[in-house]
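Read the single chain below, which is given as structure tokens and is the form predicted on its own.
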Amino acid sequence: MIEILNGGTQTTIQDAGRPNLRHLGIPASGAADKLSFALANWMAGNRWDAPAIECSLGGLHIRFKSDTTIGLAGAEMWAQINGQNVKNFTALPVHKGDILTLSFARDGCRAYIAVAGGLKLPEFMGSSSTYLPAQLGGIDGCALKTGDKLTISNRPREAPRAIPKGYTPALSRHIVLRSRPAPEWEGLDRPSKRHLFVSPFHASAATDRMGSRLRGDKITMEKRLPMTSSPLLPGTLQIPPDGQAILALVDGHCTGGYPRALQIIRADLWLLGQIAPGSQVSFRRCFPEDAPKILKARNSFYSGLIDGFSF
């Protein structure tokens, strides 16, 4: 088993999520940074979608009750085992009684700890992912706290693996997101269309798995649009009346009533999980016809390493 000594800022159990349920009002959830999550599992010898630990911003302390192997990936959090520094994006042996600590996030927001064999947890609608607003999945639908215990599964697994050169993603405090126009794009005034692709924004303290309120140039509509509640996806950028944009993240609402200005392309959605309060966020224009080509190339690159994985 694994014992939680300190749950940190916010630590949850995540897997590949609950896709195709948005029409029922249930977000997909799952790992906020799908790529780092998949790499952690791959290094530990698991299937890429096995349940793992997602730590946001740091502060996590856990004790291992048996010898095993872990994969560590995602945000740079100055990880240590028994006080000794360990390298990120690596597979690490741990022994009975070892304590792993993750300090504050220096680059990125979320780190992933995958345990060889995965974690054994009940499922809700095919997933163990924690969705905090509705208290679904994980342990009682809550963030992990001191005293919680996790059971390691005996799923089939392979030997630990090292990430080949060129496959480790680069993370920083400046997140650059390629995007295409969303349904209400044409309703923006001309200065706002320019600001979105020229001026950087900063993620406010109101940033979590549901979304991020961005601070920057005011984004305004040329005229007020009559809006009804409309579909939202992770990566949808909404413009509320105050002109301070809201970026929907992995646990974001399924519908909303604000104009939708941009949609982040699917190949870049994994980066949303590394937006921390204070992160700089920039948008880059992506032509609609280029988005499928970018996705195909990225899927081809990583699926050649991680069996069955796609963005």
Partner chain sequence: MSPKLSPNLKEPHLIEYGDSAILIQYDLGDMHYSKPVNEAVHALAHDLQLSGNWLEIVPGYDSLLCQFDLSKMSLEASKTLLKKQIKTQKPKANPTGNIIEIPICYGGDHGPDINAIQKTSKLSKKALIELHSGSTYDVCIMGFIPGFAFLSEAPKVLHHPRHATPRSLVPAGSVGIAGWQTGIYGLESPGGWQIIGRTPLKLFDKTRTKPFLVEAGDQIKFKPISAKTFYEMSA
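Positions refer to the first chain, counted from 1. Remember, predicted model here, so these are calculated numbers, not experimental data.
We do not show the form predicted in complex with its partner chain, though everything after this point is about it.
Can you check whether residue 26 is within 4.5 Å of its partner chain in the predicted bound form, heavy atom basis? Yes, residue 26 sits close enough to its partner chain in the predicted bound form that at least one of its heavy atoms falls within 4.5 Å.
Consider residue 157 of the chain shown here, and say whether it contacts its partner chain in the predicted bound form, taking contact as heavy atoms within 4.5 Å. Close contact is absent here: in the predicted bound form, residue 157 is far from its partner chain, nothing within 4.5 Å, heavy atoms only.
Evaluate residue 291 for contact with its partner chain in the predicted bound form, applying a 4.5 angstroms cut-off between non-hydrogen atoms, and reply yes or no. Heavy-atom contact with its partner chain at 4.5 Å: present for residue 291.
So, in the predicted bound form, is residue 187 in contact with its partner chain at a 4.5 angstroms heavy atom limit? So residue 187 does not count as contacting its partner chain.
At 4.5 angstroms, heavy atoms only, are 125, 232 and 254 all close to its partner chain in the predicted bound form? Verified in the predicted bound form; spot residues all in contact, yes.
Which one of these stretches, 32 to 40, 262 to 270, 60 to 68, 46 to 54, sits within 4.5 Å of its partner chain in the predicted bound form when only heavy atoms are counted? Going by heavy atoms within 4.5 Å, the stretch is 262 to 270.
Which of these residues, 152, 206, 163, 134, gets a heavy atom within 4.5 Å of its partner chain in the predicted bound form? It is 134.
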